[in-house]
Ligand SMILES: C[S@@+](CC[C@H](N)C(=O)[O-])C[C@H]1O[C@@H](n2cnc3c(N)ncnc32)[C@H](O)[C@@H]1O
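Shown here is one chain on its own, the form predicted alone, set out as structure tokens.
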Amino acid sequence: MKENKYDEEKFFAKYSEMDRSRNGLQAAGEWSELQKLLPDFAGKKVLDLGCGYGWHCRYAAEQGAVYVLGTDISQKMLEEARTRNLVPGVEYQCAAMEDLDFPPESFDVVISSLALHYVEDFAPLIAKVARWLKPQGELVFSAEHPVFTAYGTQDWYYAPDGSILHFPVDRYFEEGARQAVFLEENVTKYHRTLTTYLETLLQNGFALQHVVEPQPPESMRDQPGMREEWRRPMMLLVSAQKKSSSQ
């Protein structure tokens, strides 16, 4: 069964207090790098998988997209999206991304922000995305970095005095479910290697455009807990383009 942690009252209340929840894209540490990977949205039809509060949907619409569909498994997320980011040209649908189905070549762009590590079976989803995209359509996504997901706990190793020693990486090549702690709650995430992320795209007719391991911007360095983010990669950003039939 697909996990829907975000509709649990306690978990969602904690998520709602995060800076990126309250203040949108500018409060997301990876946004300055992710924004560089996004295509020209003017005149495009866009699908956002795991849209959350809909910040990226709004951005695409404001950049000229003619239609944006944001999908999420969480009703609570979509309630916030419709309250904060329902602008002309944007529509929201409640569904797990694995359950979606669209006619071939329905979209020019597919985006996904920090949602793919909740998907157990990555390859079938990417195969569907390839069908949904028009030739030369673009896929841009962020996910938790394989270094960050490998061990599972997603926490540091600490010295007896409480200082950080290092970040654990183990079972890297053992793909599958991990029981992580996020916002002090147990959450199931799925670890896969960097090879799996990139090779799956190549095997489904995509050409890689950019692969980025973003560092938080200097402007966030003094925020609580942010200095440690320079010690290991937390996120992976990828942009890829569907090859035309002649390529």
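Keep in mind the model is a prediction, meaning the values are calculated, not measured. Residue positions are given as counts along the sequence shown, with the first one as 1.
The discussion below concerns the form predicted in complex with the named molecule, not included here.
Contact with the named molecule in the predicted bound form, defined as a heavy atom within 4.5 Å, is made by all three of Tyr6, Met77 and Ser113.
In plain terms, the part of the chain that comes close to the named molecule in the predicted bound form, with a heavy atom within 4.5 Å, is 114 to 122 out of 114 to 122, 133 to 141, 168 to 176, 146 to 154.
Contact with the named molecule in the predicted bound form, judged by any heavy atom within 4.5 Å, is made by just one of Val129, Met97, Val109, Val90: Met97. Looking at Pro214, you'd find every heavy atom of it more than 4.5 angstroms from the named molecule in the predicted bound form.
The named molecule is not shown here, but in the predicted bound form it comes within 4.5 Å of a heavy atom of Ile73. Although the partner is absent here, Tyr59 lies well away from the named molecule in the predicted bound form, with no heavy atom inside 4.5 Å.
In the predicted bound form, at least one heavy atom of Cys51 sits within 4.5 Å of a heavy atom of the named molecule.
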